[in-house]
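Only one chain is given next, in structure tokens, and it is the form predicted alone.
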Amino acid sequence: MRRKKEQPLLRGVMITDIGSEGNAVARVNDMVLFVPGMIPGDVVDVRVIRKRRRYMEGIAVAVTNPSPDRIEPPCRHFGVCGGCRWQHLPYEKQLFYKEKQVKDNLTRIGHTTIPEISPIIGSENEYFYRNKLEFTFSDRRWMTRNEIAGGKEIESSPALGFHIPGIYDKVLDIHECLLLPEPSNAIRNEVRSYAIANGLKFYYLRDHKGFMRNLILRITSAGEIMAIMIMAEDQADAREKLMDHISAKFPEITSLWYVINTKHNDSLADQLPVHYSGSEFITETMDGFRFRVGPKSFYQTNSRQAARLYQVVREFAGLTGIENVYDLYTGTGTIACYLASRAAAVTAIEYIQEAVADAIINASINKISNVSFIAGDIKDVLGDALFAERGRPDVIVTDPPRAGMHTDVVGAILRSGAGRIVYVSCNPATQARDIDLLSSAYIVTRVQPIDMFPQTFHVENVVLLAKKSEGLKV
């Protein structure tokens, strides 16, 4: 067999920028080099692992001169866990590169002229800002490079934590996470200890066998707690004892559920959660609104920033009380409810039936009567028949998943004749692609990035598009 050619070791490489997916960027011999985990100002030795015609990818093997911007990450799992990759970058620098990411995507992918971008809205909390996390069980934990290099005998033990980036069947055992407030760490560590002490088999991701599979925790801004245990086998006795233990150990849990998921994937969209104890939901509040959150509900993961995000959406929508508004990808109806008091009518569409059920309840809780919810795939629902039934929209608000909008949805928006589109996105790259598709009829008039995810490269962005014939009026 031909031996794979070993790629070179590049010494003294200066990191100059941060590019897509948060990867650091350098230039070597007129080629772009991507190096994950570094920050601008670092001087590093890099082992090239992949070489293409226009760029290279590498791994830093040594930081010979750290950037003056580097700070000490507070998390003990930093560098192994892939969740918070920017902890070594000061927060003001994180905001700078996120805002730059938005601008680069809109101009390079969107191929459009954009107005001056409004300064990014930073998060009030840099840590403990999330309201939901999902943890995975594995029958054998990931061994870190430092452990292996130490040369000592390493104990093989199960794990409850996060997947190692890029390796689906490897899980890092997490003892402390700085993203979700307490008692999240206490609950997770207690569940792990109980399972080990009672011989409950952790899930093996390769052969899909084992009992303990996932743990989902949600904590509202008011401190209400939802815990969802996901098990891969229906062992009634073991399940009852485990759930009773969690309930007794943590009486502060507001809502306790379990799911029996025997599939080979972790998605719960087609699974039936079983209510075990406490309330059947938790409640999140925002600017006087109350939103019911169930075990399968979508809610923005940074509650405090969600309020600021929706304020921007409402400002961009420019409602006067007479508009017919369409809210696409409405989830549990939070944006629809938030806009309803300033609109004549809101039609909200969502493909997850359970989310629509929650949305209807949320509208009722907040005494909102001018919102109609439709369950269905947006590419099938949004179209001429709906326009004929509900009237053509004056304003469209769209908040799609990371993959962006289906081309059929973009086509329907173009046919709708809406005067304004407020596009909310957690992925500026796909947002820019969709804006390019809409550019035949719309121009970008405002851009507002918002940081929903401190310590990560992810950024939320809100864009206002105006119909070209009305662009100067908006």
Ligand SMILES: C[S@@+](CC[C@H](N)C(=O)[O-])C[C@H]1O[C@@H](n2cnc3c(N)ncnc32)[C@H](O)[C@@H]1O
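Everything numeric in this text was worked out from a predicted model, so none of it was measured. In case it trips you up, residue 1 is the first one in the sequence shown, and so on.
Separately, the form predicted in complex with the ligand exists; it is not shown, and the next lines address it.
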| query | finding |
| --- | --- |
| Stretch in contact in the predicted bound form with the ligand, which is absent here, among 393-401, 184-192, 171-179, 74-82 (heavy atoms within 4.5 Å) | 393-401 |
| Heavy atom distance at most 4.5 Å to the ligand in the predicted bound form, all of Gln300, Gly331 and Ile378 | yes |
| Of Tyr351, Tyr91, Tyr97, Tyr127, the one that lies within 4.5 Å of the ligand in the predicted bound form (heavy atoms) | Tyr351 |
| Single option in Tyr310, Trp257, Phe135, Phe373 placed near the ligand in the predicted bound form, where near means a heavy atom within 4.5 Å | Tyr310 |
| Any non-hydrogen atom of Ile335 within 4.5 angstroms of the ligand in the predicted bound form | yes |
